[in-house]
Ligand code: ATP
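Form predicted on its own, single chain, as structure tokens, below.
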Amino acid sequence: MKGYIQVYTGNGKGKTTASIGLALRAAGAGLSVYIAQFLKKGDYSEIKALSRFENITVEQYGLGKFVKGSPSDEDRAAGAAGYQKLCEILSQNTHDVVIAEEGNVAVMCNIITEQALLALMDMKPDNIELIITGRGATPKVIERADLVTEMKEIKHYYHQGVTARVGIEK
């Protein structure tokens, strides 16, 4: 099966949710899925759900905090570890679907470089489906991708003070 590069970007809700949905569909079809979460750390609801699948691996490379301003050396080190693992996974060609969750945000926050993300896209074997999520996809990433979906916020209850709810947003 030919694999493509998909990018889910934009300011609207649903980028991670879309990639998780794709991971579930792939797992249901017997495909092997690897998910690297660049910015998250912790026991999110999707981690609990995905851990029930033998053919889905999720690894977190975030420090569990928002990156504001310049990233710390620890943020960069965690991002570099995630990037290296993604490179290994792609070069080993052991998974059918590889998801770089918040890969675009990792670039935007200077945790990894745009050039590194483009190199990741270039090293993808033909048979692997690569998904990159996160707001702020660069024009070069968008150009290199085969499919780009932009989530556009029209209205969000967050602006009325609703915080992230377990099972819905976290």
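No experiment lies behind these values; they were computed from the predicted model shown. Residue indices: 1-based, along the sequence shown.
The protein also exists as the form predicted in complex with adenosine-5'-triphosphate (ATP); that form is not presented, and the subsequent description refers to it.
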query: Joint contact, 25, 95 and 129 to adenosine-5'-triphosphate (ATP) in the predicted bound form, by non-hydrogen atom at 4.5 Å; finding: no
query: Proximity of residue 144 to adenosine-5'-triphosphate (ATP) in the predicted bound form, heavy atoms at 4.5 Å; finding: no
query: Non-hydrogen atom contact residue 153 with adenosine-5'-triphosphate (ATP) in the predicted bound form at 4.5 angstroms; finding: yes
query: Contact test in the predicted bound form: residue 166 vs adenosine-5'-triphosphate (ATP), heavy atoms, 4.5 Å; finding: no
query: Exercise: residue 124 in contact with adenosine-5'-triphosphate (ATP) in the predicted bound form, heavy atom 4.5 Å; finding: no
query: Members of 14-38 lying within 4.5 angstroms of adenosine-5'-triphosphate (ATP), judged by heavy atom, in the predicted bound form; finding: 14, 15, 16, 17
